[in-house]
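Read the single chain below, which is given as structure tokens and is the form predicted on its own.
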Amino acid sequence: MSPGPPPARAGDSAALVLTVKEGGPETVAFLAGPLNVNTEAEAWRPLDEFLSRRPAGTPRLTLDLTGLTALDLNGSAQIIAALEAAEKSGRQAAAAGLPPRFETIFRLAREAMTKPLAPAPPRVHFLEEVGRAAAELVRDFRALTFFLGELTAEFFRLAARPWRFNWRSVAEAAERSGVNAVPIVALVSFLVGLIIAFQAAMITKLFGAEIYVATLVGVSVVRELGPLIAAIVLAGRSGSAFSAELGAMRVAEEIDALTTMGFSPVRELALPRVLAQMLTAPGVSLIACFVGMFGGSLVLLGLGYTAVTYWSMAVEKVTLYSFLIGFFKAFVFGFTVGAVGCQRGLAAGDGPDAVGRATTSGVVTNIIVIAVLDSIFAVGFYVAGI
């Protein structure tokens, strides 16, 4: 091995100094100073220039590490990378003179870099993904069906002995899930009625038939939009609250405790919430209908029509059938919001994200089921001529 370079001055200790000494079949690269995460790539330029030249014969390269004053994992990785680059260039490479205090960290870095990487996960075929999704959907539908069956059985037990039921819990749930939801439902309905009336007025104004906007708003809000808006808002507000509450109880093992004590979680926890949502949804829907029609009235009032004219035209085509259809939809949607929200909460899994997943699943499932039911009702009532 060639003699080392002259010792570095005190001012040179702040950066790595790499000196390449070529002599015969062996080349020695002396490293002096700190080699860590702060070492710049420029410090390795002399060695890179040497490795870029084609070797003659079978040269050897030795990294002399006796002059290192500091070394971390990043610096150890740089040494290993330099040795690998030398071997790829056709040279025999080795490191020597590593201070004993750096041997442990260098060994850890070498073991980490030589450890084989985990194999990439196998690619899943598209058809396999579709099959998994279909199987999950079937399991989900089965669980929801079992829950509806158990909930129906509890309804029959309640009808047989209503005096043995805790109606106070129903009243508390009705206040939280129904009464407290009126402001947000009213706001959304008001804006929807205003937007529908405004858009319709822009079209009918071309034909001088703006007054028929009142009829359009009245029928559409009472028959379709009022119950649908109320159901969707309740699903996002009250249904998600049911899923979160029961999901948190599932994670805290409170539901398991109820089952151990001989109580039915469906009767004690789900039934009061479903009843509360069924009883309050028609009232909330009725408020949504009135507020939506009121929002539409502001458009015609701005066009010069009187309030009496608007309201008389708005309620002229709203028959008893239309009102009963909207009331029936609200009742069914209320049951759907409460049942799906409670089922998702009771079926929540374990782990810190179980409540969030149950809440998200409850809201998404509720919206999908409500949209499907509303489509079925629309087609069914049309076929029946109602």
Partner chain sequence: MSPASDRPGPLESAPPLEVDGLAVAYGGAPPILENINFTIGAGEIFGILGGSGSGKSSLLRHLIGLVPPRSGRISLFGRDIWAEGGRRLNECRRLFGMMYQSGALFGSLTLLENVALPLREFTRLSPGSVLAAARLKLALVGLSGFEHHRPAHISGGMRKRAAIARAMALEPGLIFLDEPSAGLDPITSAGLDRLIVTLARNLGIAFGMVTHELGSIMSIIDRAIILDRASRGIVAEGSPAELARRTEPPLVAAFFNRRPE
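Positions refer to the first chain, counted from 1. Because the structure is a prediction, the values reported are computed rather than measured. Each form is matched to the other, and the largest set of C-alpha atoms that superpose within 1.5 Å is called the rigid core.
Same protein, other form: the form predicted together with the partner chain, not shown, and the subject of what follows.
- 116 is the sole member of 304, 100, 208, 116 with a non-hydrogen atom within 4.5 Å of the partner chain in the predicted bound form.
- Screening 136, 84, 316, 172 for any heavy atom within 4.5 Å of the partner chain in the predicted bound form leaves a single hit, 84.
- Segments offered: 326-334, 26-34, 60-68, 39-47. Contacting the partner chain in the predicted bound form at heavy atom distances within 4.5 Å is 39-47.
- Using a 4.5 angstroms limit between non-hydrogen atoms, residue 120 touches the partner chain in the predicted bound form.
- The shortest heavy atom separation between residue 74 and the partner chain in the predicted bound form is within 4.5 Å.
- Contact check for residue 240: every heavy atom lies farther than 4.5 Å from the partner chain in the predicted bound form.
- Contact check for residue 145: every heavy atom lies farther than 4.5 Å from the partner chain in the predicted bound form.
- Taken together, the three residues 104, 108 and 112 all come within 4.5 Å of the partner chain in the predicted bound form, as judged by their closest heavy atom.
- Comparing the forms between the shown form and the other one on their rigid core, the Cα displacement of residue 178 stays under 2 Å.
- Core-superposed comparison between the shown form and the other one: the CA of residue 335 stays below a 2 Å shift.
- Relative to the superposed rigid core, residue 79 undergoes a CA displacement of at least 2 Å between the shown form and the other one.
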